[in-house]
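One chain comes next, on its own, written as structure tokens: the form predicted on its own.
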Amino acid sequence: MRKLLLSNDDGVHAPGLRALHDALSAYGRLRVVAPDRDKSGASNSLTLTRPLALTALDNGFYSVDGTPADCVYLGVNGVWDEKPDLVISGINHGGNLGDDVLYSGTVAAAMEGRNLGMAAIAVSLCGERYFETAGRVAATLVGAAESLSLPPRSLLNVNVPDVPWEDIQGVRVTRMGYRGPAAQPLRVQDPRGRERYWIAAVGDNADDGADTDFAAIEAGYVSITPLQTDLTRHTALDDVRNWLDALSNS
């Protein structure tokens, strides 16, 4: 039986994580390792300034006083005797669309499992109501994961409309869209009159073409976007080489 490692960024007590566990309980031996609190927006950060506490909870889950990437790092790299076969992260409370993936702890948790044999999966519900729908999507994908062939260090970013299962229109394979600039930070004062700032809302959709994740969700489809950890802009390599050649010859 396959060994599945589950994590998230909303915290070990989040309803989405419990829904994911329940949906996948028949698909393998599950181990849940998740942050002890909400770590949304933690991206791929690791905790390097102090040791981490791994705590077993009464429900069989494990909590870590660190980031989502910390959790999967511990789950993959030798805290237990056996490695998982597959990492599934989620179910996130809210979508991870377009360049949200740059900040998402949910996507980062999946990415930390990138060196395992099968592609990791990040699952997000574009809302906070129909977690059962996202759980059924996750179970369908995990059930067929062994037959998926992707290049090494790949993962799937899955976004699910927040609707009942019967209202899902289908599944689309999509590319990432892009958001415009975020709103300006919100300036506030703390109780002692000191100036503080809240990070503001994400930007509006700047690229939501028909083949994007934004468009799929808007039309009621599950969006599946293959992602890679190689951030190299390969089409720009020659441009940079030519630029440097020109600098050296000037």
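A residue's number is simply how far along the shown sequence it sits, counting from 1. What you see is a predicted model; the values in this text were computed from it and never measured.
Although not depicted, the form predicted together with another copy of the chain is the subject of the following passage.
Using a 4.5 Å cut-off to another copy of the chain in the predicted bound form, not one of Leu86, Asp162 and Ala219 places a heavy atom inside that distance.
Under a 4.5 angstroms non-hydrogen atom cutoff, another copy of the chain in the predicted bound form has Ala42 among its neighbouring residues.
In the predicted bound form, another copy of the chain stays beyond 4.5 Å of every heavy atom belonging to Val32. The closest heavy atom approach of Pro181 to another copy of the chain in the predicted bound form falls within 4.5 Å. Residue contact with another copy of the chain in the predicted bound form: Leu54 places a heavy atom within 4.5 Å of it. For the stretch 168 to 201, the set of residues having any non-hydrogen atom within 4.5 angstroms of another copy of the chain in the predicted bound form comprises Val171, Val173, Thr174, Arg175, Met176, Tyr178, Pro181, Ala182, Ala183, Gln184, Pro185, Leu186, Arg187, Val188, Gln189, Asp190, Pro191, Arg192, Arg194, Arg196, Tyr197, Trp198, Ile199, Ala200, Ala201, in sequence order. Relative to the displayed conformation, the Cα-Cα distance from Met118 to Glu112 shrinks by 3 Å or more in the predicted bound form. Whereas the displayed form keeps them at a certain spacing, the CA atoms of Thr140 and Leu116 lie at least 3 angstroms farther apart in the predicted bound form.
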